[in-house]
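The chain below stands alone, shown as structure tokens; this is the form predicted on its own.
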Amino acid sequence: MSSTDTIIIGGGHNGLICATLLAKAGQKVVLVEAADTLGGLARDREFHPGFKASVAQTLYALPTSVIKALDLEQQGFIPSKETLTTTALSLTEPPITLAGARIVGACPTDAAAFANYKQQLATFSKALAPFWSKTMPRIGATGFQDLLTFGHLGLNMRTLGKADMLEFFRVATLPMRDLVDEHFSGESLKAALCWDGILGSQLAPRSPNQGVLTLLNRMAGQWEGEHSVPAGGMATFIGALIKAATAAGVTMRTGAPVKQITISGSEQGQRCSGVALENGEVLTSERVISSADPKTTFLNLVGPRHLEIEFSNRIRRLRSKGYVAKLHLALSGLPKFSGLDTPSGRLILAPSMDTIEFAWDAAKYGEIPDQPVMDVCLPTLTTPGDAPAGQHILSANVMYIPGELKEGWTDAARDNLTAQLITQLEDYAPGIKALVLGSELLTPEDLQQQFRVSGGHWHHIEPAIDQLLMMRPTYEAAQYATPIEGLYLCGSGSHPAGDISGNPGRNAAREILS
């Protein structure tokens, strides 16, 4: 047995960030990771001999404050000064390319509306940005710090001015379809603008709830929601996080899956006292911080016997079904997409909002859509070293692929879907099928099994209105502390949600140190 101040479960970006900040504050920290490598969904993996890619392929939500807090630039992380363009592709319309506030290929009316649309969203995002990096007050809280947080939010809303404030409250919970329909007419453009509000969620363009809020959250990062690839790729980012943790004195153990969070009882109640690893080793500590998803943390590692029945029932009811599959293709050369000089940036293969809606309709019944929709990039255009010289990788986020397929996921089902997706890509990039040397398809079920994420959900749990802010993941665990003394959360299932922002990890560390 060994003793330490803090044990962190999980070596993804949030676990690494939380561990580093606590260690920099003087704590003795041990981080345990089930996989043989650190980085979670952002770690590089060889999916075909000589070809490496990560599931998380770009940065867009990482705030400057996290970069500075960990001194990541001193650890070799070089944030990209350029962002990726986003191009909406359609088989019936010309490509439309978005680059910041600029738009190329749209009709004059849509082009004129685009700058104002982006400016308004940026204004709203700036007003909300401070609250993604704060602990949300408990329901009914009246403490000074809680009232200060609410007051700050109210002041930010007031400084918008009356017109913008009223407009914010009107659009904040609109379906993405309603928002873009108000401004634009082009079908492929509207589909592409919906994309960053619904990607990774259980939503389609018509779905009410939090698509706009998700978009505003993503726009609060250093790149204002635009996607970027750091110099050296995502591996450089994860490498810098590991170097920062090492420099701070964090002990990192890989290949060390946790079997159980150990709970001891006394007259004062239950207290977390450490973890038991699957190899039988027991580690003791003053506190344990889990970057695993809430269902894994409470139902598997803690166990319902240590929880109040109402609390465990709320955890069971959390919505965590993933609907994004990951496709990697190893290509012998650079594909040519119709209408494009080069396939740079992000390519959105969603010709209309109805196409997205129909794909979602199939997936929610456990079926493969006739026409899945995709977010495609070729990471080797920015990090050529990830593939052999002259060869390339295509990386695609594929929506909507059900984790719970009606007939069940088999090798044949995966092969059939891979073939369907390559055929679909052939429509946009004639000849790409002949370039394919190898492929990898990770369904939400695969993400759950390989990365230990319940449901294979990007955000651990759906970032819906009833699972956000002071309700994320649920009350009594929404301020990073949990009902069990000494047990905390720091993963994407905590405020403010997923994506590679690092906010949950940074916020949890700040809460513990306060």
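Position 1 is the first residue in the sequence shown; the rest follow in order. Remember, predicted model here, so these are calculated numbers, not experimental data.
Keep in mind the form predicted together with a small molecule is missing from the figure; the text below concerns it.
Proximity of Ser291 to the small molecule in the predicted bound form falls within the 4.5 Å heavy atom cutoff. At a distance threshold of 4.5 angstroms between non-hydrogen atoms, Arg177 is out of contact with the small molecule in the predicted bound form. By the criterion of a heavy atom within 4.5 Å, Gly39 is counted among the residues contacting the small molecule in the predicted bound form.
Although the partner is absent here, Tyr475 is not a contact residue: none of its heavy atoms lies within 4.5 angstroms of the small molecule in the predicted bound form. Checked against the small molecule in the predicted bound form, the candidates Val32, Ala53, Ala464, Leu487 yield a single residue with a heavy atom inside 4.5 Å, and that residue is Val32. For the small molecule in the predicted bound form, the listed stretch (452 to 460, 44 to 52, 479 to 487, 64 to 72) containing residues with heavy atoms inside 4.5 Å is 452 to 460.
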